[in-house]
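One chain follows as structure tokens, the form predicted on its own.
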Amino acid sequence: MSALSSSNPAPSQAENAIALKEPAPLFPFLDLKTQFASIRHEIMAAVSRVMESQQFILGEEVQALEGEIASLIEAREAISCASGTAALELSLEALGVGQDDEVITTPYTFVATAGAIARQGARPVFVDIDSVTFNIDPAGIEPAVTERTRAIIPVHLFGLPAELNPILEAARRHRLAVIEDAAQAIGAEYDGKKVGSLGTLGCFSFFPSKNLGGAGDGGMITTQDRDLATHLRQLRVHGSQEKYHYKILGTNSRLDALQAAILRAKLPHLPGWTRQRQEVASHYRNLFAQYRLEQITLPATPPDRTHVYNQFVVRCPRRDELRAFLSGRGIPSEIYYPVPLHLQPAFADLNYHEGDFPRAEAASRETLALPIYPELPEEHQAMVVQALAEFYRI
């Protein structure tokens, strides 16, 4: 056998069978290339501007982006950092959350939320979700408060704001900070106000798949508290306010000027992209009604909130069978999130067990994300819903 054939063996019959069952998707779950093509000249001009300046760390581009995000969010201050995860970690650090403290949050979210708490030496205390919105259930927060509780982190999941008023009221009663995890919800509104402006701090991610995404990692913290903002700016540069002088220990969590420039080029388009996402969601709803797919529960849209649809997540019977069926027909989908955080091995030391948060566990078993992005063609949406209808009529 030649070296070539031994390093690239022919696929087995089983592998061929799998390949036949799972064809390549007919279209992408998320198409970033189409968006880039529409604003290529603006992005490349922004990149060129930074390359010509040779100023890559913080600087004018970053300061300008911070001002623009603060204006968008209606916050007094915006502090950029290396990622959405870093935004959560820095926020907890700035609030003094540390060893043996407790922070209340949801088990049905991306790992960074609870991971940031644990990495501070604090304990994530989970509260079950509302089964309609998938966000943390405010009714479960107050019973979870102890003398060690320092903060609450509600997550505005999939682009829908959490029910903030009762959360903020509970926080005031118990003198707790509220950190809004708005990584998936930039531009969303609760009771007429932008998420990220209502709590003690708001945390945003510019991961490429977000509604406002960079060309890599990036994050932002928003606040109305200028003293907290000053502390955060110190923490993100190794704890320094004066070069080579350190009164506190910080970390390296700075946003690159290249990322800032790219985000600034994209930011004016965000309102239009948000409207397009909402139009795509509306078209899905019309298609579901047309096909009478009453078995599937569509995303909630409470009247006091705007949904910006970072994801379009439905609840459906026989989820895993359905996803396999869709895959076999080249229809892309995703699962957010297949295992709730309290059942993840990384959090085994918290001693939670199956059945502790039944609504989060049910959501992990039953939810499916369908393709959604501003430029998603209606014919692709029709293909998705037709395939769903075919599955449930078999």
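All values reported here derive from a predicted model rather than from experimental measurement. Numbering starts at 1 and follows the sequence shown.
There is another form of the same protein, the form predicted in complex with a small molecule; it is not shown, and what comes next is about it.
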| item | value |
| --- | --- |
| Triple contact flag A112, F207 and K210 to the small molecule in the predicted bound form, non-hydrogen atom at 4.5 angstroms | yes |
| Y337: touches the small molecule in the predicted bound form, heavy atom cutoff 4.5 angstroms | yes |
| Close approach of G199 to the small molecule in the predicted bound form, 4.5 Å, heavy atom | no |
| G84 within 4.5 Å of the small molecule in the predicted bound form, heavy atoms | yes |
| Residue contact check: G218 to the small molecule in the predicted bound form, 4.5 Å heavy atom | yes |
| Which of 300-308, 175-183, 221-229, 133-141 lines the interface with the small molecule in the predicted bound form (heavy atom within 4.5 Å) | 175-183 |
| Contact residue in the predicted bound form, from I104, V195, L88, L160 (heavy atom within 4.5 Å of the small molecule) | L88 |
| Heavy atom within 4.5 Å of the small molecule in the predicted bound form - residue from I79, I152, L255, V155 | V155 |
